[in-house]
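Shown here is one chain on its own, the form predicted alone, set out as C-alpha cells.
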C-alpha cells in the first residue's frame, strides 16, 4: 500500500514538472523579477540614506547587518518563493477544476495526499533556481561574498522550511477551490506577508500587535534565519528554536490542509461542484 501511495505521489510530481517544462518562459521571469524588484529597493535605500553613515548605522542596529543589498534580496527571494507557491500548488486544484480534469482525478483510487502535495515537489525546482539567481546577483552585482559553509546552512534552512511553506500552499489551494477565485486571495495573502514578515524591513519596527502577528507566520522565520546564516554567519545551533517552530508549523499546516481538503471534496461532491467553475 505504501508503495502505491509513493507511486501516486511521484506521478503527480512528474506530471506537474512536465507541464512546467512545457512553458520555459516561466524560467525567464525568474531571471528578471528576483533581481529587478530588490534592486529597486536597494537603490531607494541608498538614495534615502544620502551616503550618511548614521543612516547605515541605524539600519544595522535594527536589522543586525549593514548589508543592505543582502537584506533586501533575501527578503524579496522569500516573496518570490511565496509567489511560486501560491501561483503553483496554491492554485493547482482550481486550475484542474477549470480544465475539467478535477472530477476525473477524484474518480481515481489515487491518494488524495498525493494529489494535494505531489505537484508541490515539482515547484521546488523553480524555487531553487530563483535562489541561485539571487546568489549570483548578490555576488557579481553587489560584491557580497558568502562562504560555502553558510550556503550549506542556508540550504538546510530552506529544506526544513519546505513543509511549512507548501503546507500553506495546500491549505490555500483548498480555500481557492471552495471560493472559486484565484487572483483576489493571492493578492491579499502576498500583501499581508509583505507587510508583516519583514521582507523589506526588520520586524522590530512594527507595532507590538503587528509584530505578534508576524511571529505567527512561517515566512517570518524563514527570512530571519536565511539572513542570519548568510549575512551574520549564524550557526544552525543558534537557530534551533526557530527551526523547531518551522517544523512544527509544517506538521500542523499539512495536517490542516489534508483535513480541509477532505471536507472541501465532500462539500463539492454533495453540491456537484467538482466540474463547475
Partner chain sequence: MAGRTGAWALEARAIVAITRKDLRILTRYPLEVFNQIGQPIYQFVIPSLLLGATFAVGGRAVGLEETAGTGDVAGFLILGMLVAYLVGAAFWGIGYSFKREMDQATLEPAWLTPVARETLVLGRGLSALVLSAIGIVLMLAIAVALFGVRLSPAIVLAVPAFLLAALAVLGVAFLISSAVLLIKEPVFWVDASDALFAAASGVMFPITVLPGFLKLVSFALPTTYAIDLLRVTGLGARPLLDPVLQYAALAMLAAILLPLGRAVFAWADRRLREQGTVGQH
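Positions refer to the first chain, counted from 1. As the structure is a computational prediction, the values presented were derived from the model and not from experiment.
Beyond the structure shown, there is the form predicted in complex with its partner chain, which is absent from this document and is the topic of what follows.
S.K.: Among 98, 128, 188, 156, which has at least one heavy atom within 4.5 Å of its partner chain in the predicted complex?
M.R.: Flagged contact: 188.
S.K.: May I ask you to choose, among 240, 216, 247, 36, the residue with a heavy atom within 4.5 Å of its partner chain in the predicted complex?
M.R.: By the 4.5 Å heavy-atom cutoff, the listed residue in contact is 36.
S.K.: Taking the partner as it appears in the predicted complex, which of 230 to 238, 60 to 68, 216 to 224, 247 to 255 has residues with heavy atoms within 4.5 Å of its partner chain?
M.R.: Heavy-atom contact with the partner occurs in 60 to 68.
S.K.: Give a yes or no for residue 212: in the predicted complex, does one of its heavy atoms lie within 4.5 Å of a heavy atom belonging to its partner chain?
M.R.: Residue 212: no, not in contact with its partner chain in the predicted complex.
S.K.: Is there any non-hydrogen atom of residue 164 lying within 4.5 Å of its partner chain in the predicted complex?
M.R.: No, no contact at 4.5 Å.
S.K.: Answer for residue 86 alone: is it within 4.5 Å of its partner chain in the predicted complex, judged on heavy atom distances?
M.R.: No.
S.K.: Please run the contact check for residue 106 against its partner chain in the predicted complex: heavy atoms, 4.5 angstroms, yes or no?
M.R.: Because no heavy atom of residue 106 falls inside 4.5 Å of its partner chain in the predicted complex, the answer is no.
S.K.: Using a 4.5 Å cut-off on any heavy atom, which residues of 192 to 226 would contact its partner chain in the predicted complex?
M.R.: Stretch hits, in order: 194, 195, 200, 201, 202, 205, 206.
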